[in-house]
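Next up: just one chain, as structure tokens, the form predicted alone.
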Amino acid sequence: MSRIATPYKRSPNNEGYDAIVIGSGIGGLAAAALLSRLAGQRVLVLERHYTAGGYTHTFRRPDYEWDVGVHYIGSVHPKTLLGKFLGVITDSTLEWADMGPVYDRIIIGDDSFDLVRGREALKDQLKGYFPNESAAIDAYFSLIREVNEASGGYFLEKALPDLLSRLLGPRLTRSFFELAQRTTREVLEELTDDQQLIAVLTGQWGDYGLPPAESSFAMHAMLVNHYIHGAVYPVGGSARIAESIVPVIEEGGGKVLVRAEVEEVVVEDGRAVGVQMADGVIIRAPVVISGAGLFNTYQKLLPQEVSRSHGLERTLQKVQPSAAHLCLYIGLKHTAEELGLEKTNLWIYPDENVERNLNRIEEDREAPLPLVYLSFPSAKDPDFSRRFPGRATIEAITVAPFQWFEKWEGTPWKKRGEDYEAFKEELSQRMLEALYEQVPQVRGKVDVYELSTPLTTQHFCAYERGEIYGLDHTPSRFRQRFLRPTTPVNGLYLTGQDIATCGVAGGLFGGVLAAAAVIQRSPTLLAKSASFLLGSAR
């Protein structure tokens, strides 16, 4: 049961709201809180899950708690764009624990490379590892800066009214698109022939779900810039994010309801006027904002005749869902200090041939795992030992083709049969071995472990193919003008990672864009939003 939101069935009075938000991920919560704070609106947030927060929520088992999606965050200093907006939507109540000088460690075979905070420090560190590639490393960081300076115009264009965006859009986005339309590998292979250096520079690709040969360099550059000054972790765990935002929504007269499944967006005379719940109840509001994802919104929530009339099925053919994953949640009857667990995340690769290894496991599931990511939340969170004394947690993540699990699709959660459980156990043991190889002191000390699969993601997050990052961040994705908060249906808006980029920061900026679109009839509020967006590269 959610500790911060009210179950739908216990809240019979759900009328008189200025806006309804579908989904309580960071994009939905941010949009609701900003509308409350900046426009004085009463907003109703409806969440189908039993707890609020989307990928920022946590789940518990006896004596343990794990995050499902937040492993670290960058750029939360109060002077940054992200820090400013987090302060607004949480009333500055979130506390952050610094992860120290090394936030990520890239492990390729027997070689290890630390990513350290600070632009110049990181450049120097990389030049120490690759002394013959100094010019390539300097050129790389120049391109990272160039993309991020241009990204403000790209996101501002999304927030503008349609006529203004068409008039000003080409000028605002030209510089950004010059690099966004190329893949990460294309850009880097023009800078260097050293494949190990490329593997190190792109070692965090799992944070956006596409390997270098497929991802837009713009997505890669924004991710690198996000962590350039280090990383932090929410004190009290990632659940604190939603716990800090919900009161802001409630103080404005709004409400966040859980176990509240929306069946359909109600459209009358071409305009969204509310939602119909799974129990048949219709809740009305002049604005509906969907944080359920582009595919879910256009294929499942909108009436079919409305989607057909606007050609939305054809629109969806221009994008594709992102990768699916496995996450092994591990609990130990020792503290992080006793086990010597570090805060640093580990990215483990068998070698530098990322795309080859991914293709190999698509064809043969017995092939070596192409990537294992290890996170140590109990070491990162200074409050963990107070909540769970004598315990520690680890999370191990790897990519997993959805096709591996299609034979069990449609079976109920926790009742998928012995063969499914046996397959999960096989995968769990392989991931545990990857953990023991890097952190040998935990062998024999694991108390509990539980594996989530793409079917778990499908069940709880309603993503059709178990994708974690919404839409793939390919070069073509960034060219799609329909990935914006406004939709062809009057009164219906989009929020979250599908209209911005993935992760906590991307989802939050999706909420910023949605709120800006809703309140654009107010010049003062629009100017305030635009000024925030224009500062995104600073």
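Note that residue numbering begins at 1 and tracks the sequence as displayed. No experiment lies behind these values; they were computed from the predicted model shown.
The same protein also exists as the form predicted in complex with a small molecule; that form is not shown, yet it is the one meant from here on.
By the criterion of a heavy atom within 4.5 Å, L126 is excluded from the residues contacting the small molecule in the predicted bound form.
The small molecule is not shown here, and in the predicted bound form it never comes within 4.5 Å of any heavy atom of V256.
Among heavy atoms of I73, some come within 4.5 Å of the small molecule in the predicted bound form. Although the partner is absent from this view, Q204 stays clear of the small molecule in the predicted bound form, with no non-hydrogen atom inside 4.5 angstroms. Contact with the small molecule in the predicted bound form, judged by any heavy atom within 4.5 Å, is made by just one of I468, A272, V200, A242: I468. Between the options L44, L494, V512, V504, the residue in contact with the small molecule in the predicted bound form by a heavy atom within 4.5 angstroms is V504. In short, of 290-298, 132-140, 330-338, 440-448 it is 290-298 that has heavy atoms within 4.5 Å of the small molecule in the predicted bound form.
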